[in-house]
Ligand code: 13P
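The chain below stands alone and is given in structure tokens; this is the form predicted alone.
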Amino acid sequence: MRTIIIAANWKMNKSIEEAHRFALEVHESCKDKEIPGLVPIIAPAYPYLGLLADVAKNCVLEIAAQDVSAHLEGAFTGEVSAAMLASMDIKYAIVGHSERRQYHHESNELIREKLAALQYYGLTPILCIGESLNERDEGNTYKVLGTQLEGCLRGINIHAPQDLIIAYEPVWAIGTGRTATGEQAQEAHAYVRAWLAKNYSKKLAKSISIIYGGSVTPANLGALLAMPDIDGGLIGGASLVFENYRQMIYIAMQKLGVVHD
């Protein structure tokens, strides 16, 4: 079975006190547990990465960055490099989120450069892809996903599942309260897995975790995880509440058959 990823993308939310308290609660609930097959991740705002990384030591919890610079080093004011993240023992970073594409005009080429920088320093990218409502209504979902995959992964070597996580996030379902049905999400995930099989290998395609993002909550996560090609969630608003996040970890543990009292 592929690794299930329960990733909280906090975006620009929480004070440092709130973030610290949340991470401590997760640590307390998970510190004595091994959860094979499951990786819980929190992606806080950049100023909190070091503090939360310290809390997550000796715990199953992992900390991710919400973005990374395409540059390895140099005179790029305000940027944070993959090398800096690696020096903090951060193992994951989100790239290509629709909000970065929309508000910061990030192209597939720029995202590809960020992927390359992360891989150079041994971090696992969480690559976000997804179509807008107009693109879906026009029947172009697969065309959009294929273009994003081709543009972002051109020249990127992937040898093992830890080299990449893909997050399918239909733009029309992010922060809107609308969620793709399990069947709609499954169709997109199956397309992505088939694309990986064609462009890399069937073995690799079967092993890479493809997670769903777009108004994921404890109420719909179970149905999403029941689909054969959905391996977790990249969760926004619902992940800001500890009890929601705890419940989603528990749902994933049930899926794995690893439930701790």
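All values derive from a computational prediction rather than experimental measurement. For every residue, the number given is its place in the sequence shown, counted from 1.
There is another form of this protein, the form predicted in complex with the ligand, and it is not shown here; the text below is about that form.
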Which is the contacting stretch out of 187 to 195, 169 to 177, 80 to 88, 148 to 156, given heavy atoms within 4.5 Å of the ligand in the model of the complex?
169 to 177
Three-residue site Lys33, Pro36 and Ala252 fully in contact with the ligand in the model of the complex at 4.5 Å by heavy atom:
no
I'd like to know whether Lys11 contacts the ligand in the model of the complex, with contact meaning heavy atoms within 4.5 angstroms.
yes
Non-hydrogen atom contact Gly214 with the ligand in the model of the complex at 4.5 angstroms
yes
4.5 Å heavy atom contact, Pro40 and the ligand in the model of the complex
no
I'd like to check something about Ile210: if you look in the model of the complex, is any of its heavy atoms closer than or equal to 4.5 Å to a heavy atom of the ligand?
no
Check each of Asp163, Glu106, Glu113, Glu99 and return the one that places a heavy atom within 4.5 angstroms of the ligand in the model of the complex.
Glu99
Residues in 232 to 247 that come within 4.5 Å of the ligand in the model of the complex by at least one heavy atom, in order, are Leu234, Ile235, Gly236, Gly237
